[in-house]
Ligand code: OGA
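Consider the single chain below, provided in structure tokens and representing the form predicted on its own.
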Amino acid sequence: MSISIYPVMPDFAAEIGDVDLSKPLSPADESAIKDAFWKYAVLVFPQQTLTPEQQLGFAQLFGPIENERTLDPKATPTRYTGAFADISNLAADGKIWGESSRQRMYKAGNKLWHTDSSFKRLPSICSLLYAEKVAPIGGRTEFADQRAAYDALPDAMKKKLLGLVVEHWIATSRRRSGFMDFTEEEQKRLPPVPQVLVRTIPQSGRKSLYVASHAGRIWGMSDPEGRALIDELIAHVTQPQFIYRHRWRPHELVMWDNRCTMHRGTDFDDLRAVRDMRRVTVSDVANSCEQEGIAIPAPM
């Protein structure tokens, strides 16, 4: 039996059934999943029982795995290193984190609309998040379709945005969420990087906005003008008609295209309820400016 595809919206987010990701995929199922992903940008795989190795094996079908974590593990130990990011409220010892833990303060930035790894010179194609245990209430993840949002822009705005380059920096989003405590090593390792503001998704040919809370400055604009435009675009992308709100279930894998979506986590009682999830991120083929054939300007 081939996979089942149940779209949530006509061209955005779909649930996938009749597949066991713990086992090797047939060529037909692998091709069908990839085709669905390029079309819907967010795929939900319910009722999966995956070891870390099985999750990693599935992720590798989409490209090379990102291995560099943002926070220095010496300053902030976590349960995972390397290929896995710990998207939970658990400290390195497996217990619920404290109210003032560094992990908790840093991850507050995940409540802002963002796209994973846009603050790295080599950004991400996609992320794959697996849920072992979910909060009984709250803790949804919201996804925004930046392709549909681009399509809905007036022609004059599309013309204005074409070719613009934006500075993405992890410190931009974390400062907005109140986290100022980057170590010297983290600051040195994660400087601001350029990304194009409008990009083309190769597999579909669709154009997409590429904005996020990591975006702070636009080359060729004053800081206030650039900030205002970024805020305007984020507000546009996150209108209800472009949003899918996901309610997590245990033993579920969700993957999303970081090139053309934004997402954010929502609140839950993170000092009482356990949320246990692990994420794998797949690296893109090149910086978004390079992919669009845009020369990267000198730093501002």
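Predicted model only: the values in this text are computed from it and were never measured. Numbers for residues come from their place in the sequence shown, where the first is 1.
The form predicted in complex with the ligand is left out here; the points below concern that form.
**Q** So which stretch, 259 to 267, 39 to 47, 232 to 240, 52 to 60, is the one near the ligand in the predicted bound form (non-hydrogen atoms, 4.5 Å)?
**A** Among the candidates, contact is made by 259 to 267.
**Q** Check for me: heavy atom within 4.5 Å of the ligand in the predicted bound form, for each of 121, 166 and 291, yes or no.
**A** No, none of the three is in contact.
**Q** Between the options 87, 83, 218, 149, which residue brings a heavy atom to within 4.5 Å of the ligand in the predicted bound form?
**A** By the 4.5 Å heavy-atom cutoff, the listed residue in contact is 87.
**Q** Would you kindly say which of 183, 78, 110, 200 lies with a heavy atom within 4.5 Å of the ligand in the predicted bound form?
**A** Only one option qualifies, and that one is 110.
**Q** Quick one: is residue 176 in contact with the ligand in the predicted bound form, heavy atoms, 4.5 Å cut-off?
**A** Residue 176: no, not in contact with the ligand in the predicted bound form.
**Q** Is the gap between residue 116 and the ligand in the predicted bound form 4.5 Å or less for some heavy atom pair?
**A** Output for residue 116 is yes: heavy atoms within 4.5 Å of the ligand.
**Q** Is residue 208 part of the interface with the ligand in the predicted bound form - any heavy atom within 4.5 Å?
**A** No - in the predicted bound form, heavy atoms of residue 208 and the ligand never come within 4.5 Å of each other.
**Q** Even though the ligand is not shown here, does residue 140 get within 4.5 Å of it in the predicted bound form, heavy atoms only?
**A** Heavy-atom contact with the ligand at 4.5 Å: present for residue 140.
**Q** What are the residues of 272 to 287, in order along the chain, with a heavy atom within 4.5 Å of the ligand in the predicted bound form?
**A** Stretch hits, in order: 275, 279.
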